[in-house]
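Single chain ahead, written as structure tokens, the form predicted alone.
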Amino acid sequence: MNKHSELYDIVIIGGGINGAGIAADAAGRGLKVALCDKGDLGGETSSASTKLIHGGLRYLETYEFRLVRKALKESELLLALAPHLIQPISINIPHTAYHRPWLLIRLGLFLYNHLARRPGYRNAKAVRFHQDSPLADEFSHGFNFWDGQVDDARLVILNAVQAARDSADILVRNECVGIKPADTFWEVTLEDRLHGEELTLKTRTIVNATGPWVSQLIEKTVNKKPRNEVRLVKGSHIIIPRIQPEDQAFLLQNEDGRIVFVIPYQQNYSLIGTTEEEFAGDPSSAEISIRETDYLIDVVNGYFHTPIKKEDVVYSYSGVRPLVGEEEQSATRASRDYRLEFENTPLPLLSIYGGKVTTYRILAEQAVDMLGKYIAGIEDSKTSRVRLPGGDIESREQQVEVLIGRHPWLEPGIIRRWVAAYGSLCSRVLQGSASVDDLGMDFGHGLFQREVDYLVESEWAITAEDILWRRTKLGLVFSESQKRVLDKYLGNP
């Protein structure tokens, strides 16, 4: 067994949004940090969201005013910290007489406008839908509000990049297979899933940020009963060719009380979701069921003028969320808030139960604050005033104009995709390039060798899937043969 000689302040197990956010916060305070994950960064639940940074309008129905206020404030802050990844999006709510009453929705939107100041987003209002609306003729009026649309996986990855800039060690494809106390520190044993080697890290504290595996990790590695039992709930989405205007999203109410979003996605598509089903089994194996697909299609067809069908689905994905709440509550009504709990262990081990993409930053700040009593000289958090890597731009539109002016030989569509993914880091990808030929091999659809090399060297990409689904969304358009060529270039069988 290979022993790592350094003593870490924090070893974080789980490279989703909470783990990466905690790594960025802790490393930014000058702590010695390691982040490990058995797979890729954001490879599970954190890349399977509805891609929204939002206050949680529907959480007002369950009186979670504190959570909504917290999320609204964070949505405004994140818009300033990551203007390349997050953009305001207009969301319409068609009104129906047989769902939530008009006055109830107006009250909810009034609270949404006033629970927290959000100058980066427009206020909610009542609206009328015109003849060019994709909605069926019976939906003539409703409401409009604004939230943020985000590339969830890239939000995870850029938090890890931020942590690495502050000297954190990022260990992907390293599974935690053992945790044991050794005098005044923990020994965390990792197994490299690519090479089969073992590595043992010494650390003062541990953060269990494994999402749906949070309870399982405690039971298996330290043989303790976890502080909280979580309920696993599967949410699934489908992607179809775009059925609405590019700048408009829709929130559709269903008779069972659930809601379904229809969101413009990657220029040419509509993202539809989510479902909510109790889940048992390995979260890594979660996939959409026929029943879920039918459910989403039926909800959309109840509102839109032109019906959709199963054959329209070009891609689907599912993620499993850990919810903390009463067993008798429906999954829809269970809280989306989080709990941070020290486990009953001889040394500090902090578990993250629940959480949302929107509140990851404040969760991370609170987690590191809690660990501060075990780590001498901890500094205050900086994440509320430090932009994420690539976020030092005025706006996407302004950055696109600058790059088109500097690189007129590069297709504008590629520049727009790069700006939305990398922001000011585009200069790293383009450094020294004077023509398309300088970008190297074209793997298809504007994915050049220069970008692939950057993702391998700077963002821990290993496989074609890492690149096509989490660091870009080009998996929607790549053929199987193109994927094989990319994997071969990356050295994968």
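For clarity, every value in this text was computed on a predicted model and none was experimentally measured. So that there is no doubt, residue numbering starts at 1 and follows the sequence shown.
Form predicted together with a small molecule: not shown, discussed below.
Heavy atoms of every residue among C36, S49 and V357 are located within 4.5 Å of the small molecule in the predicted complex.
The small molecule in the predicted complex comes within 4.5 Å of a heavy atom belonging to R321. Within this chain, P389 is remote from the site of the small molecule in the predicted complex, having no heavy atom within 4.5 Å. By the criterion of a heavy atom within 4.5 Å, E465 is excluded from the residues contacting the small molecule in the predicted complex. Contact annotation: D40 falls within 4.5 Å of the small molecule in the predicted complex, judged by heavy atom distances.
Here the chain stands alone, but in the predicted complex its contact with the small molecule, taken as any heavy atom within 4.5 Å, falls in 349-357 among 349-357, 305-313, 123-131, 408-416. Of the residues I259, I378, I89, L217, just one reaches the small molecule in the predicted complex with a heavy atom at 4.5 Å or closer; this is L217.
For the options Q162, T383, T203, N174, the residue carrying a heavy atom within 4.5 angstroms of the small molecule in the predicted complex is N174.
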